[in-house]
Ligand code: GLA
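Only one chain is given next, in structure tokens, and it is the form predicted on its own.
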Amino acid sequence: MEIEHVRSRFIKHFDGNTGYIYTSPGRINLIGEHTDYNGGFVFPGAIDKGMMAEIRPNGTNKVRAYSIDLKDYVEFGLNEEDAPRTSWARYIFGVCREMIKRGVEVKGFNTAFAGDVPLGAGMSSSAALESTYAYALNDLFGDNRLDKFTLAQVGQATEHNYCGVNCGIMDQFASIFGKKDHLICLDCRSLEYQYYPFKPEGYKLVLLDSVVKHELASSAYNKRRQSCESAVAAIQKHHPEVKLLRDANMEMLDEVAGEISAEDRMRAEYVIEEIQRVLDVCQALQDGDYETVGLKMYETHEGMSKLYEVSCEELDFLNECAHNHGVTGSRIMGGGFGGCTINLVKEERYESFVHETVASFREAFKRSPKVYDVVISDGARRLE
């Protein structure tokens, strides 16, 4: 994303004056899927694609916002009743409102923004947008008095209260806390986190987008959450200390196998194993052992496909291609039912893997997957 691109549009739409430029990244999650609502761990990192905005206070109580990518302009006030109808503008309005609720005296501003996070590919473009504005408003109007964790919560609350999405904190957390050449192991129960070095020399990270729409068939997602809760309820009768699947182990699950449905057992087995896989990857990264990291990614895909049943034909096909090309690690990234695979590929295998997989996929499904190379980068910041 070029600063010049954003600046030229800002100058054109707002009387020739310049403002300040802020950016926040999208994210990937290396491993740890469907673990968040079970109190487990996730392992995200910020990427080199994100949102960029130029912002200048305008001395009024109105926000004048221009979406460069959509060529769309919206103006709104800062009171609750001023909520705009346009969906992209609601993100910016929601961040303004959530900052005001936390004591930041947000005033009117002019802004133009653009992004290069692919939409619908599971890299959290909305969190990148929220984080950009939360960071910027804290810098411009709050004298930086809100800490980073509060800024991540502002983005999450914006989703909940203004955009109707009941998301966890991982996406905003990664966008705000991202650090170049590091992934973050986030404990979703205590919200403690730790950075782990991720600079795999001789490897590349590439996402292959199946271009199947994220039908995170909310009903299918909710059913899986219910399965996890049913397993916990059964285990609790024998082990009252178990509050979430994070607290359980396979022995406890085996003990209640006769008391829950086969489906609930499969779902819980996947989650318990996945929580352990994240811890195994923490250790492997400390040891610089990317082969083990890759192996765990394949195990996650297998679990999501066979036990959690959130894969689809296209994602399994991409995973199989990775396996056949000797790719170090590959798995579904995100909730499932579409989206991308994330692949850890040795550099010497990269060209042939991507080229041949795109061709085979096109032959099988009559359309091409999209290819996104990603590099682990820094989180929200002011550029100038």
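Counting begins at 1, following the sequence as shown. From a predicted model like this one, the values you see are computed outputs, not experimental measurements.
The form predicted in complex with the ligand exists for this protein as well; it is not shown, and the discussion that follows is about that form.
- Only one of the listed residues (A83, I100, C167, C312) places a non-hydrogen atom within 4.5 angstroms of the ligand in the model of the complex, and that residue is C167.
- Interface membership of Y37, defined by any non-hydrogen atom within 4.5 Å of the ligand in the model of the complex, is confirmed.
- Heavy atoms of D264 never reach within 4.5 Å of the ligand in the model of the complex, leaving it off the interface.
- For the chain shown alone, Y221 is a contact residue for the ligand in the model of the complex, at least one non-hydrogen atom being within 4.5 angstroms.
- When contacts are judged by a 4.5 Å heavy atom cut-off, E54 does not count as touching the ligand in the model of the complex.
- Partner contact region in the model of the complex: 167-175, out of 100-108, 226-234, 167-175, 278-286, criterion any non-hydrogen atom within 4.5 Å of the ligand.
- Heavy atoms closer than or equal to 4.5 Å to the ligand in the model of the complex belong, across 320-334, to one residue only: G334.
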